[in-house]
Each structure stands twice: as structure tokens, then as C-alpha cells.
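One chain follows as C-alpha cells, the form predicted alone.
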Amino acid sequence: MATVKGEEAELDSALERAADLLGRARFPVIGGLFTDISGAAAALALAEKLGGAVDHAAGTGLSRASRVMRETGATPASFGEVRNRADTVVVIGKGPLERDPDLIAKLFPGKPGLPRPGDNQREVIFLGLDKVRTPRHVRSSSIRGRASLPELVALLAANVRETRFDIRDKALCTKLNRAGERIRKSAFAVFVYDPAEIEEPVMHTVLETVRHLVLTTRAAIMTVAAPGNGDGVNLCSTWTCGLPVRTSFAREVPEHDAWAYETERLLETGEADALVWIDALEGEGTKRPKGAPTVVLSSSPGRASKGDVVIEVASAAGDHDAALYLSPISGIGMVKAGKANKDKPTVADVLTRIAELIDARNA
């Protein structure tokens, strides 16, 4: 199914219209990017051809994590390593459990796993959350007072470093003292957070705490995966052009700028005069912004609403096999189609065809 200006159209006609719209654009942005690795690679190739920009719908969190990693480095741990080795897991904020409600059950399996360092019973500490229901075998505690999440992170960091601090909330102080002592005595403490939830200064505080701990023991961070295969798209962008998403191909060499090439900002200011919005992942969806002539590639046209050109595409991991970022392996893996449907074109097929039509017009 395809529509042009709200009217049903043949796929070839819709592709021609999309090629015409994008071929005349001065600076298009390819956003959303809820797609698999093949779709991301095709999007990057089209952006390079058009001299446009690429951005993911989860680009804010992805850009924060990339910038902090680039500026100061980090000590990340894989999902499997945390599940098998960590004796203390500190979950910061609501983000990790909102992204994956079963996260604790996954990190704390009931059956014994690989040998762990130290003799501590495993424990999860929730920072900035009320008591969270966990499986029976999981020992847990929570730290929450009137302080904000950044303040709680700073207070816990000070306690871990045994730096003096004064707070009036005695109950909170007691919890912080216990948590700080627990973390200092841990054989392998891991801090888990969602980069989309906490600001960069808070991330830096967490990373400094980890750097302090690794002087005498083992510690690490684990960030939860971004929605919409964001981590997979970010990796694809990095190995393709050497830069993460929010990158422009308007100049001779690619240019990354997390502020300048944000989709919403480019549309609001009128800098981008065309938008390609990709929303084609099984079980996940994203709402597109408005502000420019738009080509929508969606596995759920009803969710896509109206665009200048709307093309129904196959859903990655639903209608076709897809290479996606998988948290349990902390890397790219192949996911089989839930119910294969070869009648719909993939995102990569459509973007490649549009690029070929643009080449033909230019020739």
C-alpha cells in the first residue's frame, strides 16, 4: 500500500514522487530510523547521496552517551557479564525499568551461573525509586528521599568516596551510608542507567565513582539499550562513516553535531526542507515530527498518519529476518521473522530504489 497526498497510489508512482521530492530538496533529514541494520545502511547511503543528515528518534540519549564516552571514556560491562559476575547492581532512576520491566529478573536468574568474585550475596540497589517488586530470590533495597535524582547520585558518590556531606534527612543518610559501604565492599559493582533519562553531568559523576572504585576493586557501568534499534543504527553509522547519528553529509566530509542535526530543531528552524521518516520495527513505534514535506516509510500506515508520500514497508523481525542490536549479547544478531511476508518491500529495498531513481533523473 502507498499513498501520495492522501490518495492511494501504485508503489512505482509513490517511489517516483518520493524521488522527485527528495531530489529537489536542499537539505533533507532522514529521521526516525526505527529499522534494522540493512535499512540503516541504506538510509546512510541515501543521506550521503542527497547531502542530508541522519538522526534517530532516540538520538538524544544516544548522543549523550557518545559524547561522554568520547570526552572521558567509560568502563562498560556487557549484559552477560553483569548477569554472571556482578554482586551489586545499582539501578539509577526509572529509565532502565521503563525500558525493560523484566530487567531485574534477567540480571538475577534464579539458577546459579558462572563463578562470581567475592562472597557477597547478590543485591540490587534502586536509586531514586521506591521499593520495587523483585523476584523472591533477589535481595534489594531502595534509596529515595526529597532529593532529586542528580542530588541522590552526587550524595551516593560522595559516600562511596567517603567524602563528608551533611543532610538533614536522617533516614536517607542511613540508607546512603549502608549503600556506600556495600558498594565499597563489593567485588564487582555495576551502575545501570538510561542515557535518555539523566543529564551528562550526572553521567560524569557515575563514571568518576567507577574510576574511584577500580583503583581497589572492580566496577563498571551498563547503559540500557535505546528503543528502535538505536544502538544498532548508531553502530552502523559509526562503522559506515566514522561518526554516530546526528551527522550531516552536506560538506565534503561527514560532520557530527548532536545539537545542530537534531531532527526537530532542523524542522522548526526550516534548515531541513524535506524529511524521510522511517518507522518499521516489529512491536515498536515512534511519532514523527512535522514541519517539512515528508516521505514516510512505515510498517503500520495507520500509525504513520498523513504524509506527502506514505509507503507501507515490511516490519523488521516481523515480516522479514533482521539484523538488530541485542542487549543479551551486547552486539548485533539476527532475529528471525515472526511471520514472513514477502509481499511488502523492506526499508532497504525502498530507499535503494529511491536512490536509483534520483540517479536516473540526474543522469
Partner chain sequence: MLIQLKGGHVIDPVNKRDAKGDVFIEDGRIVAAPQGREPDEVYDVTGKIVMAGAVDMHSHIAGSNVTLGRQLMPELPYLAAQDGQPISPSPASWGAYATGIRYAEMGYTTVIEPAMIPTHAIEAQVELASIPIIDVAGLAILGNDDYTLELLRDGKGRSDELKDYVAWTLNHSKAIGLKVINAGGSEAFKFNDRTFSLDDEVPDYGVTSRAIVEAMQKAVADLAVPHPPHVHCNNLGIAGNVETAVATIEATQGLPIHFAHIQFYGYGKEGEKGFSSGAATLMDAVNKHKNATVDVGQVMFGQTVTISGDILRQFDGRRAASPKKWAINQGDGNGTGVVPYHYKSKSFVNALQWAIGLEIFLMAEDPWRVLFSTDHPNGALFVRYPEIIHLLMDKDERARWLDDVPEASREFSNLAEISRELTYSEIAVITRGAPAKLMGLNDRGHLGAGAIGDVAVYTEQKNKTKMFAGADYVFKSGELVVRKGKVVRVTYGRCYHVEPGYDPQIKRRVKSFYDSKYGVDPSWFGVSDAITNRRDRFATIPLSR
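Positions refer to the first chain, counted from 1. Given the structure is predicted, the values throughout are model-derived calculations rather than measurements.
Absent from the display: the form predicted in complex with the partner chain. The rest refers to it.
### Query
If you check in the predicted complex, is residue 121 within 4.5 Å of the partner chain, heavy atoms only?
So residue 121 does not count as contacting the partner chain.
### Message
Contact with the partner chain in the predicted complex for residue 215, defined as at least one heavy atom pair within 4.5 Å: yes or no?
### Response
Result yes; residue 215 sits at the interface with the partner chain in the predicted complex.
### Query
Taking the shortest heavy atom distance, is residue 338 within 4.5 Å of the partner chain in the predicted complex?
The answer is no: residue 338 has no heavy atom within 4.5 Å of the partner chain.
### 4.5 angstroms heavy atom contact with the partner chain in the predicted complex for residue 227
Close contact is absent here: in the predicted complex, residue 227 is far from the partner chain, nothing within 4.5 Å, heavy atoms only.
### Task
Heavy atom within 4.5 Å of the partner chain in the predicted complex: which of 137, 185, 290, 211 fits that? Just give me the one.
By the 4.5 Å heavy-atom cutoff, the listed residue in contact is 211.
#### Entry: Contact stretch among 128-136, 239-247, 278-286, 94-102 - heavy atom within 4.5 Å of the partner chain in the predicted complex
Of the options given, it is 239-247.
### Task
Heavy atoms within 4.5 Å of the partner chain in the predicted complex is the criterion; list the residues of 113-142 that meet it.
Contacting residues: 113, 114, 115, 116, 117.
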